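This document opens with one chain alone, in structure tokens, the form predicted alone.
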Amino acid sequence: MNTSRPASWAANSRPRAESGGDGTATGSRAPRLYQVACNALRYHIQERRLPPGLILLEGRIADAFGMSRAPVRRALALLCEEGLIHRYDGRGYLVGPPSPDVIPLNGGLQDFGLALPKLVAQSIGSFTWERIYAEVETQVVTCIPFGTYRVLESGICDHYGVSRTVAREVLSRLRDRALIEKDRHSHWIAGPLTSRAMTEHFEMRQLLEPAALLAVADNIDRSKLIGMRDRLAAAEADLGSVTPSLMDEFEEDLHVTCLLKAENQRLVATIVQSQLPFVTNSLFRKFVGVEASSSMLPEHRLIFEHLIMAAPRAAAASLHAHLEAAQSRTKARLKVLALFPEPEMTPYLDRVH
């Protein structure tokens, strides 16, 4: 199930890049790992750096490229379809098309110069976790209102074709944002988002967000505040044209664009961790509709009106009142969501019954 949520919680999957003949990316986006492996192997074969008959095994190639076996397995299958390699007794592949004259050649791949292009090798570790993080985060926050789920490290590896190192980096960052934690069996667990947890999140927000607003009020461009206020007023006047994603943007205008300008990065990080209730409101709008959650529009508009009039304390007080009202609404919406069928989850999320 795809849900629209504030940008503080998710980003869309990034488009794939086209790749050069040696495996390097020619576009602005990083290719999938199996594409990198496939392009690099194809280049070495076509340049005859890998001789006909050379035995290609998943494990050896994965070690040479510094990636898991899953993308290598897919790359080899694609090259086999292209006729550049062929199956060898069920335990790997031989370079070149099938031939009765071919003699299997065993040897270390590095001895034949098999390696990723230097540019790709240097960047592969850094871009891979970033490429998949937003999508994993989206899946995790979507499942939280519906129960408790194990987040499977091996499942992330298989689903995205990444190494365990990359999967662990993603899991570590989810933990840093308080989206997952380890249970007594050292399993990564997401959820559940209970009513008690919701209360605790809102108590933190009521303490921190008004303080953050006071800290940044003088630094927010007045023309931007007017633009945000006017968008809210237009939405109130024509609610029928408002989409769930636009409502999420309104949440982002106040609780992300404005508040996260604070210089105190520890304060910002704690606020982000406490904004998990966003997902409940976003899912509610997805299932029930915008009109049922439109009460936040005049509350947000009032906060912007105070900021435009250079009355930061009044704006902070209005924000506190908004969060109190939002807490009651969000807890009620959490109960409504429990009545909807559990969405189909990605394979690396396993429901704990």
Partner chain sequence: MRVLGTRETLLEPIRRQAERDLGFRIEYEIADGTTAMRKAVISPGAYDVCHHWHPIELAWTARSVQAIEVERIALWNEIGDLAKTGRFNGVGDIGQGAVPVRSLYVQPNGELGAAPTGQISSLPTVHNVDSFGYDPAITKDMGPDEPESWSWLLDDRWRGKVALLGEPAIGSIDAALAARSSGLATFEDIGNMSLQEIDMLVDILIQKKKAGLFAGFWNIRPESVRLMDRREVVIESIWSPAITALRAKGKKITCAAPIEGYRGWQCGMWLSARTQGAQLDTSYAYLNWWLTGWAGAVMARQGYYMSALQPTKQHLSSDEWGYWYEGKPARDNMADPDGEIVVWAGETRDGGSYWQRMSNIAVWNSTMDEHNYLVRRWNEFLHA
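What you see is a predicted model; the values in this text were computed from it and never measured. Residue numbers count along the first chain shown, from 1.
If you look for the form predicted in complex with its partner chain, you will not find it shown, but the lines that follow are about it.
Only one of the listed residues (133, 146, 250, 93) places a non-hydrogen atom within 4.5 angstroms of its partner chain in the predicted complex, and that residue is 146. Only one of 195-203, 174-182, 250-258, 81-89 places residue heavy atoms within 4.5 angstroms of its partner chain in the predicted complex, namely 195-203. In the predicted complex, at least one heavy atom of residue 337 sits within 4.5 Å of a heavy atom of its partner chain. When contacts are judged by a 4.5 Å heavy atom cut-off, residue 65 does not count as touching its partner chain in the predicted complex. Residue contact with its partner chain in the predicted complex: residue 284 places a heavy atom within 4.5 Å of it. For the chain shown alone, residue 46 is not a contact residue for its partner chain in the predicted complex, no non-hydrogen atom being within 4.5 angstroms. Of all the residues from 305-321, none has a non-hydrogen atom no more than 4.5 Å from its partner chain in the predicted complex.
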